[in-house]
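Just one chain follows, in the form predicted on its own, and it is written as structure tokens.
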Amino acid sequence: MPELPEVETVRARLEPLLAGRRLERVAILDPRLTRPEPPDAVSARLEGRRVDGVRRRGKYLVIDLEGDGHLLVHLRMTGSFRHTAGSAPGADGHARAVVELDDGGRLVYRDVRRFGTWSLLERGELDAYLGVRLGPEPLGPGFTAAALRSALAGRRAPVKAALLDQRTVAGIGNIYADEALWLARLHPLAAAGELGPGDVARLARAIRRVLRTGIDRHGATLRDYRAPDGASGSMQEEFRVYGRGGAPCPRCGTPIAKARVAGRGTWLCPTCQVAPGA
């Protein structure tokens, strides 16, 4: 699933393509994309509107429209955008929506697994919707060691499960949680509420570092993720533990182990990340 760096990369590529452009025609080809709203109703509300800008909140793309409207896009597992200029591309069996722009550009939303969502919201609706679902932005000023410690306080869940909870911190998923925990030398099963101040400070720094690296590398392309121009990311070349079971730890040489935490495949170094109670 695209995480914060991948979604930020998509946002950065979409912004110059969409900002100031008018949505001439919007064809929503899959009713799952906008449910429970009918696709035709959403298309009618989008057509003719100008795009004021493209933002990101956690793993969501927020396309700001004139008149205080917002198209909220969640890519889920396999959602992506493809932009072409001029003539229309050939048939695409995974296309779920097609947007024609006033400059002749064409934006196709693709989604192999069909889990992605589009929601058209007004300003008050957007703030209420995101406010109950997302914690602070990890690269924003509100994300500090003190704020993270407060969010983890009293929680018995494993720290990795707490990080995957978007209400703790927005935008982190399986990949960057594993990478941040390795960098901070914390075991994924450590109880979130029992981490000391030094542990939490290291974790906060590690989260920011791995996310910034992910953005610098334009995200990680493991299978489906692509930027709107079709380019791949290269963060997978920087992974220290994720997906590297059996490979030597870059820090100590111990073979990387795989476990299951919070229902997700989890990679760690058994030496650098000491298990609780060991």
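Sequential numbering from 1, following the sequence displayed. Predicted, not measured: the structure shown is a model, and the values here were computed from it.
Although it is not shown, the form predicted together with the DNA is what the next lines describe.
Exercise. Which residue among R251, R32, R55, R209 has a heavy atom within 4.5 angstroms of the DNA in the predicted complex?
Worked result: Spelling it out, the residue with a heavy atom inside the cut-off is R32.
Exercise. In the predicted complex, which of 101 to 109, 156 to 164, 138 to 146, 119 to 127 comes within 4.5 Å of the DNA (heavy atoms)?
Worked result: Among the candidates, contact is made by 156 to 164.
Exercise. Any chance T9, H83 and A220 all have a heavy atom within 4.5 Å of the DNA in the predicted complex?
Worked result: Heavy-atom distance to the DNA in the predicted complex: none of the three under 4.5 Å.
Problem set entry | Y225: touches the DNA in the predicted complex, heavy atom cutoff 4.5 angstroms | Flag for Y225 set to no.
Exercise. Though only this chain appears here, would R264 touch the DNA in the predicted complex if you measure heavy atom gaps against 4.5 Å?
Worked result: It does: once the DNA is placed as it appears in the predicted complex, R264 has a heavy atom within 4.5 Å of it.
Problem set entry | R76, heavy atom within 4.5 angstroms of the DNA in the predicted complex | Yes, R76 lies within 4.5 Å of the DNA in the predicted complex.
Problem set entry | Non-hydrogen atom contact K59 with the DNA in the predicted complex at 4.5 angstroms | Judged by the heavy-atom cut-off of 4.5 Å, K59 is in contact with the DNA in the predicted complex.
For this session: Between 110 to 125 and the DNA in the predicted complex, list the residues on our side with a heavy atom within 4.5 Å.
Result: V112, R113, R114, F115 sit within 4.5 Å of the partner.
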